[in-house]
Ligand code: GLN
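Take a look at this one chain, the form predicted on its own, written out in structure tokens.
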């Protein structure tokens, strides 16, 4: 890839000018990093000493055009670049699936605290979307067999591309369908299940930030009147699909911890507990099959 050299003063003037027209500095700095190759640490040094020169992977004019499109049309920068860093890899992203969120990384961390890399059983990622969790599960548990499910063919195609590029030797099967239905042949054999299902209540959907509401699939956002439709379907059949003592781990909305935990308890799960996100909010529900 061709690199272009710019003075520190030129980059900082460009940054100040763009921010004067709107947008958040954190987002523009993210674009400079992922789109231009200027890492956050390098930018901080530049703010202290603007006299140095730096190389970028793209011209400032090109990055400015992406930024303007982001501001004018409220399109996520991840969609404009077609990629997004997550955990220790970079995913292809598109409007076919949700952009992977940082808090969902904790869901993976919760799995890693209960299973080591020698896990030999079956895992499932319900509602795989971009395949973020499926990729990480495949890389973290190289000896296990994985199953990634989504009801959107476009999302499943996106997940397939990410798996082929980031975990090419993994034993992961992709299934088109709704939650447990495509996995019926493996019911009673699955030892670990992760899911980040749609959980936004219908009435809240139109109040979301336009950049989310107008660009990410409502199929992956809307969870019905109370946001819990998908949780009822997943938890309702989980005890039949998961092995004895196998784990179900779910991400939910910021105010849904109590009802999701109650669903797990009523379904007969044991060791039911919650985990908090990066802001200290109860965001994850866990339970072990009886």
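Predicted, not measured: the structure shown is a model, and the values here were computed from it. Positions refer to the first chain, counted from 1.
One more form of this protein should be noted, the form predicted together with the named molecule, which is absent from this view; the next part is about it.
Although the partner is absent here, residue 123 sits far enough away that none of its heavy atoms falls within 4.5 Å of the named molecule in the predicted bound form. Among heavy atoms of residue 144, none comes within 4.5 Å of the named molecule in the predicted bound form.
Using a 4.5 angstroms limit between non-hydrogen atoms, residue 98 touches the named molecule in the predicted bound form. The named molecule is not drawn, but in the predicted bound form it has no heavy atom within 4.5 Å of residue 130. Only one listed stretch (180 to 188, 197 to 205, 148 to 156, 165 to 173) carries heavy atoms within 4.5 Å of the named molecule in the predicted bound form, and that stretch is 197 to 205. With the partner omitted from this view, the residue of 81, 212, 112, 71 that lies near the named molecule in the predicted bound form is 212 [heavy atom within 4.5 Å]. Among 77, 192, 220, 106, the residue placing a heavy atom within 4.5 Å of the named molecule in the predicted bound form is 220.
Shown without its partner, the chain has 251 as the single residue in segment 235 to 253 with a non-hydrogen atom within 4.5 angstroms of the named molecule in the predicted bound form.
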